[in-house]
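One chain comes next, on its own, written as structure tokens: the form predicted on its own.
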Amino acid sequence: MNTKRIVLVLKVLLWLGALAPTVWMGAGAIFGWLGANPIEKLEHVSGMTALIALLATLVVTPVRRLTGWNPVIQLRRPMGLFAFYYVVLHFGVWMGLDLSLELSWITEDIAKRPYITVGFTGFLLLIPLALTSTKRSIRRLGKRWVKLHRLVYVAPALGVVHYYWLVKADVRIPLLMAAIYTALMLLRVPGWLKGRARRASVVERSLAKPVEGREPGNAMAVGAID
């Protein structure tokens, strides 16, 4: 099986897996298997799915670096968009079904309940990432796009904190999520150090090679030490 077919199969599996919770929630609402508090169940399932999807987006880069199989990067964008979809669904259920879109109740909850404040902040951070996920945005924003999308490291952390503060009693699953997040971030350290060393090498070569009409110290490319 060639690379294109493998990627296609993985994308199909990703779509099926990502849409399964939506189908389950929809069927549960129709057939009444969401339990005594269906709104709370919808909030829990959509929120958990969103957090898992956010963590899954952080898996792609370590897998690519460890395996050397670069096509896996093609799965990151749909993973990120599915994560955003479930975050929107999670807060939509909370605002629409739980609080009946009552603005005063929504703002009061955000202001007075720390776990909602943190979770809502994570939601806001994801909005510009979703809006700039296109190839056109990448070309238009350039290096600013890379800086903006570093927020993808912050949003899952806020999601973990949101979940931990929400649970209050049995925190085993939130702590497991926190451990997974920490491990995924630590796996990035060698790549970050390698990239930093590479940028330093570029700067050093630029300084050592004078550009005609300029002083050696001004020969650096803009953004080389960002």
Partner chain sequence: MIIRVRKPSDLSSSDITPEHVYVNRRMFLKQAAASAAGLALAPAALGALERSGPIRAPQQVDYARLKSELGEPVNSYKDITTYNNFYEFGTSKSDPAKNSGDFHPHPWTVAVEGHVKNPGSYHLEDFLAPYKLEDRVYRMRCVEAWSIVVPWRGFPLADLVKKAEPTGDAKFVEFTTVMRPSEMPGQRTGVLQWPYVEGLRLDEATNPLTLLVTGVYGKDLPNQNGAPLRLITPWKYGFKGIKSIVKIRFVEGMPHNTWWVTNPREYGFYANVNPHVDHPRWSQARERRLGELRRRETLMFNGYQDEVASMYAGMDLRKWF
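Numbering follows the first chain given and starts at 1. Quantities reported herein were computed from a predicted structural model and do not represent experimental measurements.
There is another form of this protein, the form predicted together with the partner chain, and it is not shown here; the text below is about that form.
*Asks:* Please determine, with the chain shown alone, which of 97 to 105, 67 to 75, 129 to 137, 143 to 151 has non-hydrogen atoms within 4.5 Å of the partner chain in the predicted bound form.
*Replies:* After filtering at 4.5 Å, what remains is 97 to 105.
*Asks:* Given that the partner chain is not shown alongside this chain, does Ile39 nevertheless sit within 4.5 Å of it in the predicted bound form, heavy atom to heavy atom?
*Replies:* Close contact exists here: in the predicted bound form, Ile39 approaches the partner chain to within 4.5 Å, heavy atoms only.
*Asks:* With a cut-off of 4.5 Å between heavy atoms, is Lys168 one of the residues that contacts the partner chain in the predicted bound form?
*Replies:* Output for Lys168 is yes: heavy atoms within 4.5 Å of the partner chain.
*Asks:* Does any part of Arg172 reach within 4.5 Å of the partner chain in the predicted bound form? Heavy atoms only, please.
*Replies:* Contact check for Arg172: yes, within 4.5 Å of the partner chain in the predicted bound form.
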